[in-house]
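Just the one chain here, the form predicted alone, laid out as structure tokens.
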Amino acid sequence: MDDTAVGAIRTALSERFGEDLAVDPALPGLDELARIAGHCSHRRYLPRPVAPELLRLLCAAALSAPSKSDLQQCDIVIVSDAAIRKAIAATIADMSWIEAAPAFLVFVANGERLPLLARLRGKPFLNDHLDAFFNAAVDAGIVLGNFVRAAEAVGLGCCPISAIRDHPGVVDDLLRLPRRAVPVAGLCLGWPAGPGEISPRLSLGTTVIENAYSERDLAAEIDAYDRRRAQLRPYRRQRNLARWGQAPSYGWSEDKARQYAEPTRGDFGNFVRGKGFCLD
């Protein structure tokens, strides 16, 4: 029995979800559960490199993740060239940690190999539609999650960067991605310079569904989450004051509503089509 791990899990999940969860002290793997429950993003790093052999080990662990039908449609690009990383960072505002992190990676949804297999084995490729892109993108997301889990297990800190999709053509050119290969997310990686902070999430009552969805007061659930989050981690600044003004009460719902009131990545579908994927 590991009372320390049990306490860490319950404390982290209580802060995250606002719920006291039962944890059986006889469960195996409690230390790993404690690491997962206590996940934090890190944006400040010690000036200590991540050894190339460790990066390769973490990539191998990450790519051991489940893959749809064993299609293996995720690649990981280790961006060790400072000029390439600087050029990627230049497309993303207000994220200095991209250049400051000891290591930076890009996770790629690669659908190039599947039609190649069809050609090599003289078979028709009859599933060239939206699901093909979806499968590759989901594979990349699963591998990204597995990488974060592996990195945190050895004491590293991570910060995923979805903003590389803001200018995917630039990333595509810099990394010389093949046809039917699309950048899904970047990842900053390094030894944390300090403790992270747990991000409160929507309640499990909102996001864990048994059997089927039913009638609910989702607005009230979101309002309760806004209040709980404001007590734990209030927003330090409000988005786009010039357009929306100063809100007397600024929570998660207001922040996300403002974020998605601004158009972004409207041409991403055209980029994906241009890479050879069919989205119909």
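Sequential numbering from 1, following the sequence displayed. The structure presented is a predicted model; accordingly, all values stated were derived computationally and were not measured.
This protein has a second form, the form predicted together with a further copy of the same chain, left out of what is shown; the following refers to that one.
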> Among the candidate residues L232, L46, L218, L241, which is the single one with a non-hydrogen atom no more than 4.5 Å from a further copy of the same chain in the model of the complex?
Replying inline: L218
>> Would you classify D81 as touching a further copy of the same chain in the model of the complex, given a 4.5 Å non-hydrogen atom cut-off?
In response: yes
>> Given that a further copy of the same chain is not shown alongside this chain, does D94 nevertheless sit within 4.5 Å of it in the model of the complex, heavy atom to heavy atom?
In response: no
>> Considering non-hydrogen atoms and a 4.5 Å limit, does a further copy of the same chain approach R165 in the model of the complex?
In response: yes
>> How about D131 - does it come within 4.5 Å of a further copy of the same chain in the model of the complex, if we only consider non-hydrogen atoms?
In response: yes
> Are all three of L71, I142 and E262 close to a further copy of the same chain in the model of the complex, meaning a heavy atom of each within 4.5 Å?
Replying inline: yes
> So which residues in 241-260, when you check a further copy of the same chain in the model of the complex, have a heavy atom no farther than 4.5 Å from it?
Replying inline: R243, W244, S249, W252, S253, E254, K256, A257, R258, Q259, Y260
